[in-house]
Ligand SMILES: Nc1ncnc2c1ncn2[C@@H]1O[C@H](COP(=O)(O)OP(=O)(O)OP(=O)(O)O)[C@@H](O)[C@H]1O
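The chain below stands alone and is given as structure tokens, in the form predicted on its own.
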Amino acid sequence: MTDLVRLEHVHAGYLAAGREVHAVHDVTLAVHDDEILGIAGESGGGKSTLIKLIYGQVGHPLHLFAGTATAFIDGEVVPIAGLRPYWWDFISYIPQGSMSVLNPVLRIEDQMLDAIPPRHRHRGRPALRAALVEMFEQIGLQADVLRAYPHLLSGGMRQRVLVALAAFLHPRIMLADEPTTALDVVTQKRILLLLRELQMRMRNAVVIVSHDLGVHYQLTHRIAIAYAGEIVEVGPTEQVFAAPLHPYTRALVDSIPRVGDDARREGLDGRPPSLQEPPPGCRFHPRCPVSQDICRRVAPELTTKAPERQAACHFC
């Protein structure tokens, strides 16, 4: 199994009133080739910051405070902060909100061609446009969409445009941050199936951020559970859903409705802590049903609990 990106004890986040806010706190995680990796958890848990970090969007406002974050590109080791020259052909990014991402006064074709790195433009505009038409056909869009303005397209079509742009240069990693936000359930399914088909065709890595556990169960091979800026569990998706190790993961899985089961679902008391003033010890302990004194004093490390399974808990 080949690592494309590896984070080791990474602390990253933002500066607020001169203070460091660690939206990503002591995270160790790898993105493997030929897999769909899911990152799940409640809103405000640092998922989007983590995926921006993997993309190499480091600088202002996102800062890498500590730890090592590296990418492995054709045998070369590249710091995450130096990934910008490799955007689109090694790693690409599908952000949230297709309408706010696309420029409303430019046609789709112009926006897509402008986004292609200069080193690929030697092919010439006609050849690049022909390749875009071919990509559009593969994902179910007609060629005339290239001449349209974003406001003339439905939400699902705009999202497909972003997927086409992300996949156009066949990158080794595609990052998708809540790719089905604000879409109806039928369109959501189409977008998710499209991402899976593209991953199977290109045999690359896809990283999907979503708070919807159903998305991860249907799509991902491996899942990382995020809570308050930390990764609390990592493992094969089917195993994590069948037998969650961390109490937070267990609460998430237990909250999922099941066909034919009308038992009442109990939610977690409280809410995630402020990342500006996280609690001492385990960040989950104020809401954890099995916490003990050590949880309030000592932060658990993410350690191997079973083959391919990791969790950060003193009692799992």
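Just count from 1 along the sequence shown to find any residue number. On a predicted model such as this, the values are computed, not experimentally measured, just so you know.
Unshown form predicted together with this ligand; subsequent notes refer to it.
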Interface residue in the predicted bound form among 57, 291, 70, 48, criterion: non-hydrogen atom within 4.5 angstroms of this ligand: 48
Of 199, 187, 237, 96, the one that lies within 4.5 Å of this ligand in the predicted bound form (heavy atoms): 96
Stretch from 48 to 56, 279 to 287, 248 to 256, 29 to 37 whose residues place a heavy atom within 4.5 Å of this ligand in the predicted bound form: 48 to 56
Partner proximity in the predicted bound form: residue 178 to this ligand, non-hydrogen atom cutoff 4.5 Å: yes
is_contact(residue 64, this ligand) in the predicted bound form, heavy atom dist at most 4.5 Å: no
Interface membership of residue 275, this ligand in the predicted bound form, 4.5 Å heavy atom rule: yes
Residue 23 within 4.5 Å of this ligand in the predicted bound form, heavy atoms: yes
Residues within 4.5 Å of this ligand in the predicted bound form, restricted to 218 to 250 and counted by heavy atom: none
